[in-house]
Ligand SMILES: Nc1ncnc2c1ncn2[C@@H]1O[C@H](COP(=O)(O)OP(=O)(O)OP(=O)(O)O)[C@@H](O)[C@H]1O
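Just one chain follows, in the form predicted on its own, and it is written as structure tokens.
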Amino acid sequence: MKKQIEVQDVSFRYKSHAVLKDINLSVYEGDYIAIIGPNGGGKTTFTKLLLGLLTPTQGSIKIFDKNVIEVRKEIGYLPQYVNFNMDMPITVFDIVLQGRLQRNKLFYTKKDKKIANEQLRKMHIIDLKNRKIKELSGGQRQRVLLARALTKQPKILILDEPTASIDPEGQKDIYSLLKDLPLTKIIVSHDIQVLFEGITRVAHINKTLYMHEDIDTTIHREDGHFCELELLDYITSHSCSN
């Protein structure tokens, strides 16, 4: 498989505080990687490094063999929190079209609008196209934001807690949509349930990164009960690489 992201010996410090140390990670075309770990372990910082919002204190990050800043247009991003002014009369279509914004671009083209409509259909929300964002549920808003990220037509999609504050049924819908997207995906989550949704590899970050391959996500009891502690114990007790 073709390598798309190469993280080599990356460390990051906030002044004298070491947040990440000696991080190594290779991401290949079509990967669906979950990044898990404790609060304060460095997941958010690592995400910002991948997006080029922070620069490593040492080490390097290459995406398509280039500096992150050079290839930002190839990366779609779904943040954990997006604040909307609910008093603004902005529609679903307006928000999704924002994914086509570029520097020095003043108008949307017919192609932009066609792509936005295509993503609305893929997210099964074309019927909400002319609705105001304040009229939507949390799960519907998240689909809108996912459509906006995909309207950029990225080759890599990075998602930060995409199911936070969504009811269980909405979470199931989002995971189902993500699993079927034909691109490289990196999902940052505290929700262990994500490991059962098509993930190919698991990266555990707690200042350094440990990659777990071929995780057995069939740990269910006969009554269908799933124990997060059981899976975490499995992950930490099986072979990994850093």
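Residues carry their position along the shown sequence, with the first being 1. Note that the structure is a prediction, hence the values are computed from the model and not measured.
Another form, the form predicted together with the ligand, is not on view; read the next lines as being about it.
Taken together, the three residues E74, K155 and P182 lack any non-hydrogen atom within 4.5 angstroms of the ligand in the predicted bound form. When contacts are judged by a 4.5 Å heavy atom cut-off, G41 counts as touching the ligand in the predicted bound form.
In the predicted bound form, E161 approaches the ligand with a heavy atom inside 4.5 Å. Residue contact with the ligand in the predicted bound form: Q80 places a heavy atom within 4.5 Å of it.
At a distance threshold of 4.5 angstroms between non-hydrogen atoms, H190 is in contact with the ligand in the predicted bound form.
With the ligand left out of view, the stretch that reaches within 4.5 Å of it through heavy atoms in the predicted bound form is, among 66 to 74, 41 to 49, 173 to 181, 23 to 31, 41 to 49. Within 4.5 angstroms of the ligand in the predicted bound form, the stretch 5 to 25 places a non-hydrogen atom from each of Y14, H17, V19, taken in sequence order.
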